[in-house]
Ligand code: MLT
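There is one chain below, alone, in structure tokens, taken in the form predicted alone.
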């Protein structure tokens, strides 16, 4: 008798789980962006959220949960129910570098399931307009000649802007004094206001201010110029060899999320990325779309693991850590 009762209970639970996956979504979905509003991650997430709701048939909201280089926001997503209603948005900094920088209460690979790889962009070296240098060579000379290190804005220890800054230091032999913010949006505001000297920023964050003339750009960390900003040289063209770095983004959900739900979220994100209007917005921000064959959860999972293998030794060698 007991066996029959347990069998019936398991059957009901299994059916309920399938029903949830089949009817998903039945309420709004939240994308947790681990940086402040107005920054590059926030901008991309909002563009995608607006289009994903068309495919999903439900509102897709963006919640900004800031602090500790994005690790607090990722932690919030990890602790959410694995039902597909909470998505973790992040990038090379939050879902790779932070594992080598912070003592996290979660595992970036084991506690999250990949959904989709998102557009990427190179970093760009920018300064306030008061800096006298007009070229990358002049900027490096100015940075080296200063009696005290120039101030460089970041989105926190281990963030993409911080890792890129350390990489820039290594490539040039200069030293920077890092000023952490809750995102590169606020850092950019202070750069425009002249409160800090430089940022090694995501191109998508700074490009509009470069176009507006409120800050000065020197070079991008890519091996080719951006189609949307062909006047900005690559670091190699500007005289700095080997300074190449692409900051890619992605979406994850908590471990245990049903595979059918992950598939639906992936399909909605891919639909958004294939939308001509979304593509245009991404291109205007200097973002590069992933190849079609890289838009699977498996591709993001493989990339995340490969980047951990690449960047963790570099980060640890630079002794970048926060207790």
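None of the values given here were measured: they were computed from a predicted structure. Numbering follows the first chain given and starts at 1.
Below, we refer to the form predicted in complex with D-malate (MLT), which is not included among the displayed structures.
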Inset, instruction - Using heavy atoms only and a 4.5 Å cut-off, determine which of 99, 119, 185, 73 is in contact with D-malate (MLT) in the predicted complex. - result: 185
Legend entry - Close approach of residue 91 to D-malate (MLT) in the predicted complex, 4.5 Å, heavy atom: yes
Legend entry - residue 39: touches D-malate (MLT) in the predicted complex, heavy atom cutoff 4.5 angstroms: yes
Inset, instruction - Name the stretch: of 129-137, 217-225, 110-118, 159-167, exactly one has residues whose heavy atoms fall within 4.5 Å of D-malate (MLT) in the predicted complex. - result: 159-167
